[in-house]
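Quick setup: one chain, the form predicted alone, written in C-alpha cells, and binding and motion questions come after.
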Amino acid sequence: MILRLSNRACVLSGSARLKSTLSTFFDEMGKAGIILKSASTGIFENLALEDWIHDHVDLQNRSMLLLWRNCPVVVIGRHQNPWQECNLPLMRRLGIPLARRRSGGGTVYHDFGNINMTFFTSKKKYDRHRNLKVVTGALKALRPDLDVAATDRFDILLNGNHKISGTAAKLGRTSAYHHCTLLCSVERSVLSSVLKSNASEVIKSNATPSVPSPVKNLLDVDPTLDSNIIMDAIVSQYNNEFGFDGPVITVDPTHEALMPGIQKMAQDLQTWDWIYGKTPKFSVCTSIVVNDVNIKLDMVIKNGTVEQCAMEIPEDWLPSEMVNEFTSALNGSRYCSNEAALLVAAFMRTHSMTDDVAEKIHRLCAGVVSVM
C-alpha cells in the first residue's frame, strides 16, 4: 500500500491551516512500525530526511525503516577527508557531487543501482545485527541458495568475500539510526574510479580512513534481482522480523509544510563549510616537477583552509621574494582548485612580471591544483 503525503492529504486530515506535520501524522497512525520510501533521488534531501526524522519523530515506542535511492554521488563519513578518500578532479569532470553525512563510517558511491536503508529506533533498541538480518533474510527469501551473511564489521558479504553492503550509524541522546547500502546493479567501473584518490599518498591525516573491499553486484549472480523486487522483499521481511503490519508511505523530503525546517537542513548539508570545512586537520607534503625543476610543496590544511604553505624552489628558477608572495597569497584561502586558480589570476594581475615568470607561476599553480 502506498500513501502519498501531499498538501491535499494534510487538508483531508482535518486541518485547514496544515497544522499536521509528519511526526504528528505518525502519532495519529498509532503504528509501532512504519516504513517510508523517499520520493527524492537527491542525496542532500535524503540525508536531511534522515536527520529530520531523528530529530523530530518520537522513536521511543516506534521503529521506522526508510528506503531511498540516489542519483550518482559520493558520500563520505562525518570524520573523513574527501581529498584522501576520492578522486575529486574526476568527480568534477563527471559531474558527480560530493556529500558528507552526519554518521561515521567510510566512503561510498551511490547510483540508482544501490538501495539505501535507514533503520530508526530508540537508542535502547538500536541493534545493527538484527537490522542486517532483515536484509539477508529478504535476499534469502527471494533466492534460498544465495550465499549472503553479515560480518562482525556489520558488512554483508556475497559468497564469503565480496562486499555488497556497508554500514554507518548515528546515536543520539535517546534515538538512533543505522543505515546501510545494498549493491544491486551499481556502475562498478565508476565506483572503483571515483573511490580511488588521486592525492592520498601525499596527505597525512588522522581522519577516519575507509577500508577497501572487493565488491560485487547482486545482479552479477542473478540477473532477475532488480532493485524494486529487493525493496519489496525487504519491506516484507522487516514487517515479519519485528511483527509489524505498516504500509509503505512515500514521502517527499522537500515538503516544508510536513517537515518544518527540512529545507534548511538540506541546504546546510550542501555548503562548502560542511562538505569540506569539517575535514579534520591534515598536511600535504609532495614534490612537483615543473619544467624539469623539482619543487617541494608543504601545506597544512585546517577547516578546509590553507593554514600554512611553503615551497622550496631553486632561486635561479624563481626569485625567493616572488615565491614568498605567492605562498602568502595562498595562506588563508580554501583548499580548493577553483579558489586557487582565482587567487593566482589575481596575483598575476597585481604583480609585475615577465612572460617567462608568468608562465612559471601558471605551471606552479597547476601543480598545486593537481593535489586538490
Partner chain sequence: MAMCAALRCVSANFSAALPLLTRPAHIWTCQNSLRPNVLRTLSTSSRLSGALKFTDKHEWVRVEGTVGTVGISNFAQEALGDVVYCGLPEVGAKLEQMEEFGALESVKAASELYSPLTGEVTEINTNLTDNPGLVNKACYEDGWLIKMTIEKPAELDELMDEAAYEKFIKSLDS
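Residue numbers count along the first chain shown, from 1. Remember, it's a predicted structure, so these values are computed and weren't measured experimentally.
Another form, the form predicted together with the partner chain, is not on view; read the next lines as being about it.
Shown without its partner, this chain lists 125, 128, 162, 92 as candidates; in the predicted bound form, only 128 has a non-hydrogen atom within 4.5 angstroms of the partner chain. Proximity to the partner chain in the predicted bound form, defined as a heavy atom within 4.5 Å, holds among 113, 82, 105, 246 only for 105.
When the partner chain is considered in the predicted bound form, residue 87 lies well away from it, no heavy atom lying within 4.5 Å.
In the predicted bound form, residue 97 stays away from the partner chain, with no heavy atom inside 4.5 Å. A residue is said to contact a partner when one of its heavy atoms sits within 4.5 Å of a partner heavy atom; residue 172 meets this definition for the partner chain in the predicted bound form. The partner chain is not drawn, but in the predicted bound form it has a heavy atom within 4.5 Å of residue 315. The chain is drawn here without the partner chain; in the predicted bound form, the stretch among 57-65, 27-35, 40-48, 304-312 whose residues come within 4.5 Å of it by any heavy atom is 304-312. Looking at 244-281, the residues that come within 4.5 Å of the partner chain in the predicted bound form, counting any heavy atom, are 280, 281.
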